[in-house]
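Single chain ahead, by itself, as structure tokens, in the form predicted alone.
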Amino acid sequence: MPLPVVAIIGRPNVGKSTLVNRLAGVQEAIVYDKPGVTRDRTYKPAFWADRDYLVVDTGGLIFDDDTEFLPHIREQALAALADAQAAIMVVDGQEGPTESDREIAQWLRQHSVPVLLAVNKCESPDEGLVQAAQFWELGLGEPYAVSGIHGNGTGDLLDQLLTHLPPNEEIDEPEEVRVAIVGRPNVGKSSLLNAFVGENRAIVSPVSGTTRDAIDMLVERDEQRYRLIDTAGIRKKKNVNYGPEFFGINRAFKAIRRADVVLLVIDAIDGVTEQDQKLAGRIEEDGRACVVVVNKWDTIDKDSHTIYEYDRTLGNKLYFMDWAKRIYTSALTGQRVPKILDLVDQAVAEHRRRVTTAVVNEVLEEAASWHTPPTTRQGRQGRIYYGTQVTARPPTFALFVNDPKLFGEGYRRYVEKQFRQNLGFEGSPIRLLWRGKKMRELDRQSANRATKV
């Protein structure tokens, strides 16, 4: 049974995202003193008393303006309300009731979802009661004086909210797979998310920078749950202004770090750019599994050789990520989109896979027999004593040797290539830690100290 949903509704800049951060106990929703920062609807897990639920941040509602993204924001708010078991309308206690508040309250009364009224920015307990009293006129019942910044009054609000939420149920579910969708602006990330979900989950627009927050969406297939994370388009650092875009890009980098698999979306028309290469490097550096998704493939004029030539060029530019599977798709037509999750399943399985020490040492022995470790001019030769896998996510191996300095980059790449050829790990980076005698002695000393303590 899915968690109940609570939609946060209100006009721009009344502090909806601040209240969402307070209820969810995190600092993930972008908070910036400018209307229109939140555009899509974002879901965050929250907890109060004995109840788990999802709190949904939505864009600021304006009914008398159809410019820019405002119609799309209204669509997202309506979709959030359709999913919700309850809604919280947020108003600005310092500003008092406005005509926009009255329009939103009237709109909410037309729906069957129970609505609580949160009068935000009531930092002073005494003045807050006076500020909240002004909002009885909206006809939504008792107004609760709260402060999203300091948390004042949120307990009373949540106690009342629980009366509209069903009790928790014990659910035994498989571990979800977290999939971050990243790429440059306007490569089709949100369209790809919508193609997965089958609805207009994220706002799609030809204007770059439409998505500003990291958006989570749950998709289930064959009893496996995937948490899809749409992110802001990542531009070159010099082109990013401080403000919502800056925070959105930081959220995108954070999404990469918390993902199991990253979908690196490439625009088929532009090909692999320098920024794509930097993003790929970031994914590899963070140790995330990856699938390279070449989107807008339907726009390319093709013959029987096109895909092979394109794939060769792409591979040359992403040579350091040759372990990542590549797929050519169109989010617009749905071409090969379902197959992306098949590659995600393969990548996450390899990312989590463990190999026995015996198998690791067989690979090392065979590698050394085909290509012996290098010897210095002074006659010192590198020796690999043994290896073992120390962790997964990503698969990481410790290779114990006489002196790591005796193994140059060329030989280290050769050993990594042997690991790839013999053990696979397609779709996942691997780590090789070269550890010498001094490192092992330090490890033993650390272990002894820990034992004495």
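Not measured: the values here are computed from a predicted model. Numbering starts at 1 and follows the sequence shown. C-alpha atoms forming the largest set that superposes within 1.5 Å between two forms make up the rigid core.
One more form of this protein should be noted, the form predicted in complex with guanosine-5'-diphosphate (GDP), which is absent from this view; the next part is about it.
Contact with guanosine-5'-diphosphate (GDP) in the predicted bound form holds for all three of 11, 123 and 299, each having a heavy atom within 4.5 Å.
Between guanosine-5'-diphosphate (GDP) and the residues 346, 154, 330, 100, the one pair within 4.5 Å by heavy atoms in the predicted bound form involves 330.
Residue in contact with guanosine-5'-diphosphate (GDP) in the predicted bound form (any heavy atom within 4.5 Å), chosen from 282, 184, 326, 178: 184. guanosine-5'-diphosphate (GDP) is not shown here, and in the predicted bound form it never comes within 4.5 Å of any heavy atom of residue 275. guanosine-5'-diphosphate (GDP) is not shown here, and in the predicted bound form it never comes within 4.5 Å of any heavy atom of residue 131.
Proximity of residue 381 to guanosine-5'-diphosphate (GDP) in the predicted bound form: non-hydrogen atoms within 4.5 Å are absent; the residue sits far from the partner. guanosine-5'-diphosphate (GDP) is not shown here, but in the predicted bound form it comes within 4.5 Å of a heavy atom of residue 188. Shown alone, this chain has one stretch from 145 to 153, 349 to 357, 312 to 320, 106 to 114 that lies within 4.5 Å of guanosine-5'-diphosphate (GDP) in the predicted bound form by heavy atoms: 145 to 153. In this overlay on the rigid core, residue 120 has a C-alpha that sits 2 Å or more away from its partner position between this form and the one not shown. If you fit the rigid core between this form and the one not shown, you'll see the Cα of residue 153 move by 2 angstroms or more.
Relative to the superposed core, residue 294 undergoes a C-alpha shift smaller than 2 Å between this form and the one not shown.
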